[in-house]
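One protein chain, two forms: both are listed below as structure tokens, the first as structure 1 and the second as structure 2.
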Structure 1
Amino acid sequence: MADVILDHVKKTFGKFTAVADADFHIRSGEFFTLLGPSGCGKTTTLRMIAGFSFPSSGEIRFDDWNVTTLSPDKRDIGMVFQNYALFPHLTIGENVAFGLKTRKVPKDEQKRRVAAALEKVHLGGYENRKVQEISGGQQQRVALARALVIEPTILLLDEPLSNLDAKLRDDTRSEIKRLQREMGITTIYVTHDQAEAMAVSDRILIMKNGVTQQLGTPYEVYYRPENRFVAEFIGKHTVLPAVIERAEGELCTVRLQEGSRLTGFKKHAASGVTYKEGETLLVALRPECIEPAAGREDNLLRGQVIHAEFTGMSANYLLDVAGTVLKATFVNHMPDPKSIGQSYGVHVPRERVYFLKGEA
């Protein structure tokens, strides 16, 4: 258990900046996730924490210990690789024991701890099997056991579930979370799947093109996105440009491009949003916050139905609102197949309107 501190860490490959100014503090015992689309620098960040590559500038500390350019074997980390990286010429038992051997743990204790670790990932008695003889999901769990058996201070996981099918994914995910909670290890988890990140993390760092977009709890990044990218990536918000018409008291009314008006609370906004009449900002609307108009005239949006589907739990609509596609999800609602191509009105409750800073 240790805090992990990245102090203005930057990584460049030649002229290309893979990670620009990563600056955050991971608390001891926390389940911390790096989330972002492919190529955004998640693996690069994780590898620097592991010591497989070193920052171009900045510092990495475990508590007060400066590990910026320390080689990986001295860091006391456990890492699970995306492709597992099990040693093909060793048995399962030998794979798991490898880290204990390098730590010069006595033979009999090695045996006991390997058995216990395999037991923990539900692979008890698999010691003498060969790596090639077990399934992908089992290999995944061996990799996890190998990382956990050394009781590392920090556990690093690079998209550990990406090669598993949906069912196994869910199982293994809760398994990882359970083990992490039991052992209280500081865990850094890399994924590009936001649902996965929301489900397991204490906090999430969202990255794009090497730049940190937002750091917060799942609740925060979902309900209070700091910018358009996070809003669209996490909450599937539809983002519409608007002009401020009136900003009085705690309310603000804006006019959208096609002319309709929306009123919302000023406090439901990303930080740094200012309210001056005539200025532009962005309105972000989550699909599930939108309701059928049902005769209401305020906070009304009109658009052409492009697509309507019924999934059982909900009905999903795509509306063309003056060129922008608005996603709407209605719970307990039966879509009308004839509605496609028709004009359709939806209502957005005031407390569900969210404001983002206008784009320059």
Structure 2
Amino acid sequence: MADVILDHVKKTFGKFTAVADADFHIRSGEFFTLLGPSGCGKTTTLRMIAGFSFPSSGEIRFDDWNVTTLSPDKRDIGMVFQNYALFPHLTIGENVAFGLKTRKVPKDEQKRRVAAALEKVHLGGYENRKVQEISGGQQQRVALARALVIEPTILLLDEPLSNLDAKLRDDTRSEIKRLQREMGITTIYVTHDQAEAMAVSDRILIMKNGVTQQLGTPYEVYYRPENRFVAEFIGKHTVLPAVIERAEGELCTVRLQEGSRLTGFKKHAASGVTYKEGETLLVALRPECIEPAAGREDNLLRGQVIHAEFTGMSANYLLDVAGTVLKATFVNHMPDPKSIGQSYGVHVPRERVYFLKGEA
């Protein structure tokens, strides 16, 4: 297994900057995810790590080995593509053995390693099947076996679950995580799915327009977002502008645009937030941390219900609070179908108020 170091890597296409300054260190054996919306630069970054594209500047190293301009076949990587890239004219066994054959591994060893790889992905005995004879989920596992059979130092996965239905996605991502833990292989995963990234990752790098927004554990990026983009992309926070009215001791009280006041703890904030009375900042509120008012008068927000839905486990509300849509999720709560259009009050506990730097 190997560490992967990107040292101020930049990628441009003419005047367009696809990746601005990728500068991070992936630890040996880590499950590391590149996350962001389409066009953010995550796949370009993965392709540079794989060797399918070279940086315009900067270096890529596997431990102390500079691989910046090496071709993919010289990097000791395994890769699973979004479309699996299986050969339809070959059997399952021949597909999995492809990398071993090109490396001139003896046939007896090929046979042994193919069987072992297929067992790992729960496809033992499928060697003689055709690609067309198995399901999409099984094809994904064949692609994973083909990547693992060469015993790579690093495993790269480019949105490998995007072609699967929701139930199969959940099952397969659990399988990928299980295999990664068992093998201890350094794994770099690309996805635009926040829940997927949270479920499998040791750490997540969030990107927007080629620029790194935050790097941290799932807990850190969810509970301590560094800016508005991360807050709204990861946790579906409602972000509200506010003015600081009072900042004493460990507490800060702010006034929202529609006149409501919220008090929170100063320590629950992104880096760089300052507390000067009269200055503006942003308040980020997670849907599941908002509670029905139930007679409370402190930290109270009131708005008009514009949407209510029941998911079985929870009720999801959208409230119009002075022109801003506030998301609220109540666990084990049945929404009142007559609530649409009605005024509704919610309470935000002090420890659930999170402060972000005000926007310039």
Partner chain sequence: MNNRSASRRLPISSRPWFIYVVLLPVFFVLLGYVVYPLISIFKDGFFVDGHFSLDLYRRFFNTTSMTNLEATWNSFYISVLSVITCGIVGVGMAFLLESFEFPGRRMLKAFAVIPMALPSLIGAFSFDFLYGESGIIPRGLKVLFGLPQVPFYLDGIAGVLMMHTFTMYTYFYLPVSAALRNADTSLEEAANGLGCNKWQVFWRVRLPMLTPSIVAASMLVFMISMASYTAPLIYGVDRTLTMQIVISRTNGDLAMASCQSTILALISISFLVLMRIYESRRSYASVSKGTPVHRKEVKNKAARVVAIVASFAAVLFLMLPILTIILISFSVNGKWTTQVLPTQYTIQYYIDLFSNPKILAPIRNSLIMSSAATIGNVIFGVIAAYFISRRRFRGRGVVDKLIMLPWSLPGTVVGISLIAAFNVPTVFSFGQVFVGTFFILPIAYFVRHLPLVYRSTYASFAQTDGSCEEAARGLGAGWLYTFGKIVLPMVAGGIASGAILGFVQGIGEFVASILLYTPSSMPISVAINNQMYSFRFGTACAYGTLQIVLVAVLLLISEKIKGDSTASAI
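FYI, numbering is relative to structure 1, first residue = 1. If you superpose the two forms and keep the largest set of C-alpha atoms that fall within 1.5 Å, you have the rigid core. Remember, predicted model here, so these are calculated numbers, not experimental data.
Looking at the two shown chains, say which is the form predicted in complex with the partner chain. Note: form predicted in complex with the partner chain is structure 1; the other is not.
Determine whether the C-alpha of residue 91 shifts by 2 Å or more between the two structures once the rigid core is superposed. Comparing the forms between the two structures, which are aligned on their rigid core, residue 91 does shift its C-alpha by 2 Å or more.
Aligning on the rigid core, do we see the C-alpha of residue 266 shift 2 angstroms or more between the two structures? No, because once the rigid core is superposed, the C-alpha of residue 266 moves less than 2 Å between the two structures.
Could you tell me whether the Cα atom of residue 112 shifts by at least 2 Å between the two structures after core superposition? Not so; residue 112 is displaced by less than 2 Å.
Report, in Å with one decimal, the C-alpha displacement of residue 103 between the two structures after core superposition. Residue 103 C-alpha displacement between the two structures, core-aligned: 2.4 Å.
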